[in-house]
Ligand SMILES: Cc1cc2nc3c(=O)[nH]c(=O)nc-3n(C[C@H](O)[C@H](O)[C@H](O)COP(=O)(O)OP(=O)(O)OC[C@H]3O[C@@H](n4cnc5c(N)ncnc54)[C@H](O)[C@@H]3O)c2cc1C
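Just the one chain here, laid out as structure tokens, in the form predicted alone.
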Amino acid sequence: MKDFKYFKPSSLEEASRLLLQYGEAASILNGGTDLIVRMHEGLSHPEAVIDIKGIGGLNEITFDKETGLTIGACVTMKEMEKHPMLLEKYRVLAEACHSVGSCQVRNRATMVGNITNASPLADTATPLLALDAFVQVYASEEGIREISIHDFFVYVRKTCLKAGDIVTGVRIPNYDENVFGHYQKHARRDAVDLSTVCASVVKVGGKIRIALGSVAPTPVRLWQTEAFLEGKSLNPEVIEAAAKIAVGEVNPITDIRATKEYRQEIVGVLVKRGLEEIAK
């Protein structure tokens, strides 16, 4: 690990200035479960590490009927998986948090860190896509702005964030209808492993939403499959047909974890299981 400068700013403005000052040579430290590993392995060599955990207001979960649920950037996965509001209204997201790494990892890892890394297999990305979440971003010249989660991911490990931007949290709309969802993760091991394919199948009111990870350069929504399902009863024939459409809607790669063909087969299985769970 190379030498670096460590900063712990007390405000978003200070942190943003440091990011602008050091540019691409700066890295934000939040949970650190990805950054520290990459630094130890020689995959990341920041000149400046900017620790945002000392900035007030970033470790809170708040709920408002008008705006929905807001989860601060420094809230850990462990806090999320046990939070009463997530378990009551957004259980699919709590399930995704519970699937991340070990208990020790979840005690440090954050959802915001998970999505800003922009890995195609980020566990919490698929429920956020299915729930039409918004990413809240601070920039010194603009203040706080919101970005739709659908516009946030650009490519593998690339987001739409600009120089000096800091993600302060994620907001999930409040739905008057019941939200029922099912998160699934298929991996080489039963626990403490990265996803080969992950899936969130969610029903909001009468509409079904499906999002997948590790099947494209970014996590994706299955818009064609959702359009096919609209207005249809979830009988075995419809579920089978939807699973086939889902397989054709993705174009995964072959890598060290799985072949393209295997991933496509798993997509069909996970979508079918998710729809069957919702149909119960």
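Just so it is clear, the structure is predicted and the values come from calculations on it, not from any experiment. We number the residues from 1 along the sequence you see.
Absent from the display: the form predicted together with the named molecule. The rest refers to it.
Annotation: in the predicted bound form, residues V204, L222 and E226 none come within 4.5 Å of the named molecule through any heavy atom. Heavy atoms within 4.5 Å of the named molecule in the predicted bound form are found in one stretch of 206-214, 161-169, 81-89, 174-182, which is 161-169.
Contact between V105 and the named molecule in the predicted bound form is found at the 4.5 Å heavy atom cutoff. Contact between E146 and the named molecule in the predicted bound form is not found at the 4.5 Å heavy atom cutoff.
Residue contact check for P252: none of its heavy atoms lie within 4.5 Å of the named molecule in the predicted bound form. Residue contact with the named molecule in the predicted bound form: L35 places a heavy atom within 4.5 Å of it.
Contacts to the named molecule in the predicted bound form (heavy atom within 4.5 Å) from stretch 70-107: A73, M77, S99, V100, G101, V105.
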